[in-house]
Structures are given as C-alpha cells and as structure tokens.
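Just one chain follows, in the form predicted alone, and it is written as structure tokens.
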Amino acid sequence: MDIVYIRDLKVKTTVGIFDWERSIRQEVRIDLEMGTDIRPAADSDCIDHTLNYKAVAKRVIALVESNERELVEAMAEDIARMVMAEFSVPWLRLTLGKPGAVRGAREVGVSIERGERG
C-alpha cells in the first residue's frame, strides 16, 4: 500500500470544553496519511487515477471549519469517517493537534489509525 499524505494543515474551528473556548475560533493542526495504490496514476500520469490530496484537503477544511466539537477525539473521528467514506480510503493515520492548549507544550492532541493497511 502506498501513502498519500497531507502535513501541517492548519484550520480555524471551535473546539474545547470551556465556555471561553466555545466563544472563539482556535487553530487546529492536521497531519493525514491515507493508504492507496498510486500505480494507476503513475502509469497514466493523470490526476483522475489517484487520490487527489487537494480535494481531500478542501473537504477536510470545510468539515473542520463547520464542525463544532468539545473534544479533539470527536473531531478526529469525524474527519476519519468522512475521508474513508468519501474518498474510498481503506486505511488512514490522522493526527489532530491543538497548539497552545497546555502551558509549556507546543501542542497536544490525538493520533488515530483506522481501517486495514494492505
């Protein structure tokens, strides 16, 4: 299985459990690795034969910007479900980070893996 990836995608959203967090938009950072077979695209040199990372990124941005969650865990699951369903991705690894959420740490968050890696 090959991997198409997106690194350090920054999106503003509402996420958090405290009232002050619910009243502002914060930046989250997303790393996404998606399992696919790139050979058809490599053979044809045609974007229609691959997992289009620009289309995935645009869809992730739209989802996260409109998605208000209390927990990054819930937001990560929403992203994973959408990517797997809409882009026929059999396996993915997703890291969703919340910069500045804990004093002294650059970022906190979750990393999840979903699906079967072939």
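Predicted model only: the values in this text are computed from it and were never measured. Heads up: residue numbers just count along the shown sequence, starting at 1.
If you look for the form predicted together with a small molecule, you will not find it shown, but the lines that follow are about it.
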item: The small molecule: the contacting residue among E70, D37, E65, E86 in the model of the complex [heavy atom, 4.5 Å]; value: E70
item: Interface membership of A101, the small molecule in the model of the complex, 4.5 Å heavy atom rule; value: yes
item: Distance check, I24 to the small molecule in the model of the complex, heavy atom within 4.5 Å; value: no
item: Touches the small molecule in the model of the complex: G97 (any heavy atom, 4.5 Å); value: no
item: Contact stretch among 39-47, 55-63, 86-94, 70-78 - heavy atom within 4.5 Å of the small molecule in the model of the complex; value: 70-78
